[in-house]
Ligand SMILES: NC(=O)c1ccc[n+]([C@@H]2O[C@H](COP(=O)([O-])OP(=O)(O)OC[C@H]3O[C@@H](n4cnc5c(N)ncnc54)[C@H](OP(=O)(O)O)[C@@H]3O)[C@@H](O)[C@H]2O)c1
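What follows is one chain in structure tokens, specifically the form predicted alone.
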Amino acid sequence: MTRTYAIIGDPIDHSLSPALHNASFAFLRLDCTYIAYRIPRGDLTAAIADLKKIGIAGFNVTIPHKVDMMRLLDEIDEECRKVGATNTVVNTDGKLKGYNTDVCGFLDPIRKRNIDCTGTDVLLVGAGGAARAIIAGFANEKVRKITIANRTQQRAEEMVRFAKQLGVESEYMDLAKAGDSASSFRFIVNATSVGLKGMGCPISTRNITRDSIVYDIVYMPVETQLIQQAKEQGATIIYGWEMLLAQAMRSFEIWIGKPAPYEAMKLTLLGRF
């Protein structure tokens, strides 16, 4: 019997997850399929009940449901509890267990480069949904301090408190000043949507140096303006597609119980760009 998986969210038509997972299923000759299922805000409870009725095997969760989905879970893993959001769910006979693969997805490209984060200073640009997973990831890696630059101070202060709860020193910085201070940080991470579809750069890059590690979680385009300009300054670059691929692979492994086919997923992902 074919097992069905899905991604739920709104909007959903831009998602690359169906292509990634269906390529993996085909490569490993698994009798599985993966669909995109749009669920508007407010319809989540009823839609999850419907997914249970059809025997959905598992699903990914994206905006705007990552936090709200938590109250509909029967069980959560440690990362899920820490971040307060889920992006991967397993359905076992109607019982839903939530996982968060954003944390390990974010850290995977850093670890692949053998970068030691211990005691380092981080500039995190943005305080939206992705910021919590990034802060949790850096807390796991024992960074010294996370400075959060954001358009609105209130959202940033929420993330500052979250970082402190995880034992990491943290403070707010005005977004307009962030670029000027870039050389003070080893890591500069863009967790905003600025740069999506090639539009704009979240901060000034003139003070980014060869010692900087610039990580842009925007994955489309591959070369955002931030990455292009940071490259010209000689910085180490980490691409958004690397995080997307790593978290998708972890979701696959949670559902299927075997390693995801890295090359098949990578070729599919980069082919979409």
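Note that residue numbering follows the sequence shown and begins at 1. Quantities reported herein were computed from a predicted structural model and do not represent experimental measurements.
Absent from the display: the form predicted together with the ligand. The rest refers to it.
Could you tell me which of 107 to 115, 185 to 193, 165 to 173, 92 to 100 sits within 4.5 Å of the ligand in the model of the complex, going by non-hydrogen atoms? Selected stretch: 185 to 193.
Just to confirm, with a 4.5 Å cut-off on non-hydrogen atoms, which of Ile35, Ala26, Ile63, Val222 contacts the ligand in the model of the complex? The residue from Ile35, Ala26, Ile63, Val222 that makes the contact is Ile63.
Can you work out which of Val160, Ala136, Leu73, Ala130 has a heavy atom no more than 4.5 Å from the ligand in the model of the complex? Partner contact (heavy atom, 4.5 Å) among the options: Ala130.
For the three residues Gly9, Ser15 and Met69, verify that every one has a non-hydrogen atom within 4.5 Å of the ligand in the model of the complex; reply yes or no. So, no: the whole triplet misses the ligand.
My question is simply whether Lys142 lines the interface with the ligand in the model of the complex - judged by any non-hydrogen atom within 4.5 Å. So Lys142 does not count as contacting the ligand.
If we define contact as a non-hydrogen atom of the residue within 4.5 angstroms of the partner, is Thr205 a contact of the ligand in the model of the complex? Contact with the ligand, no.
Do Arg81 and the ligand come within 4.5 Å of each other in the model of the complex, heavy atoms counted? Result no; Arg81 lies far from the ligand in the model of the complex.
Consider Ile48 of the chain shown here, and say whether it contacts the ligand in the model of the complex, taking contact as heavy atoms within 4.5 Å. The answer is no: Ile48 has no heavy atom within 4.5 Å of the ligand.
Sequence-ordered list of residues in 235 to 263 near the ligand in the model of the complex, where near means a heavy atom within 4.5 Å: Sequence-ordered list: Gly240, Met243, Leu244, Gln247.
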